[in-house]
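Heads up, the chain below is alone and in the form predicted on its own; it's given as structure tokens.
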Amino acid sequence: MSSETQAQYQFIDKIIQHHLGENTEVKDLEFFYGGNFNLAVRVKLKNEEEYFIKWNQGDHQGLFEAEAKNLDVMGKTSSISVPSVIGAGAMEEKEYLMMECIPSGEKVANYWPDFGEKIALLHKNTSPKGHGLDYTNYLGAASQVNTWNKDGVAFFTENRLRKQLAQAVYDRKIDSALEAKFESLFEKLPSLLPNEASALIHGDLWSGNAMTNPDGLITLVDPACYYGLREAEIAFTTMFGGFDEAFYEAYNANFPIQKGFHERIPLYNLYPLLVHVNLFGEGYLPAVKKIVDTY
């Protein structure tokens, strides 16, 4: 065992004993290195209980604390299943999040209709403060500023599109000509997007964050939640191939979307596309330019 591996084992053991007691014995560890900056491990104890621990190398301060809060916000609605948080904190100059491990199951026949119905139920949670959240969180590694705004379209414009645009301009990924086109689009957005009441949304709703739990139903992980325009969430689901049609039918049956939604999808998806430009490079710029030029 290398010294680095031994240090990782000791680090994991410290977290487990801190939250579960000093006599907790580990049976098995399974490591994951899928993230851009996070490491993760599935921990199986001698008593067969399983937990999932994520940590980073000191970057993106407050990310896991925010994720723990996100899971708590969503869990308290009892709308849809999310992992319960065991603890979050910092140890050895690393930040971590420990939560229950969700074993994978096979989808049951009504998985997609049930999923759509539960997202509709989640979206029926609103806030008297309007659109936003009481703390800053993250979409992936991108900071999400959630300053409250009574106006949903203004929140989306200022706290989502304009923040990411400013970062891309600062990093010289977007030139002044495209920036000017964005400014023209911002002026039009109030006439293009319905200004609905705020809805609690997961914020990063794609297949990679949709787990099938042992009951064969949905458990959501990695939320980037806030109270915002619910159409932005449904638009996001189309980014990477979309969900089964039964999901959208069930959602609409429980919380109908206003007419013309399909024409609005590209406008909402400017936000995740800009995030991808800032995090992963200019390969996403052609899609951004096409949307801005269309409107």
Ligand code: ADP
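Numbers for residues come from their place in the sequence shown, where the first is 1. Here the structure is a predicted model, which is why all the values come from computation and not from measurement.
Separately, the form predicted together with ligand ADP exists; it is not shown, and the next lines address it.
Residues K54, M99 and M211 are all found to lie within 4.5 Å of ligand ADP in the model of the complex, as judged by heavy atom distances. Ligand ADP is not shown here, and in the model of the complex it never comes within 4.5 Å of any heavy atom of G132. In the model of the complex, ligand ADP lies farther than 4.5 Å from every heavy atom of L217. Using a 4.5 angstroms threshold between heavy atoms, P83 counts as touching ligand ADP in the model of the complex. Taking non-hydrogen atoms only, T237 never approaches ligand ADP to within 4.5 angstroms in the model of the complex. Picking from 88-96, 182-190, 203-211, 160-168 the stretch near ligand ADP in the model of the complex, with a 4.5 Å limit on heavy atoms, gives 203-211.
The partner is absent here, but in the model of the complex a heavy atom of V221, alone among A197, V221, L178, L121, sits within 4.5 Å of ligand ADP.
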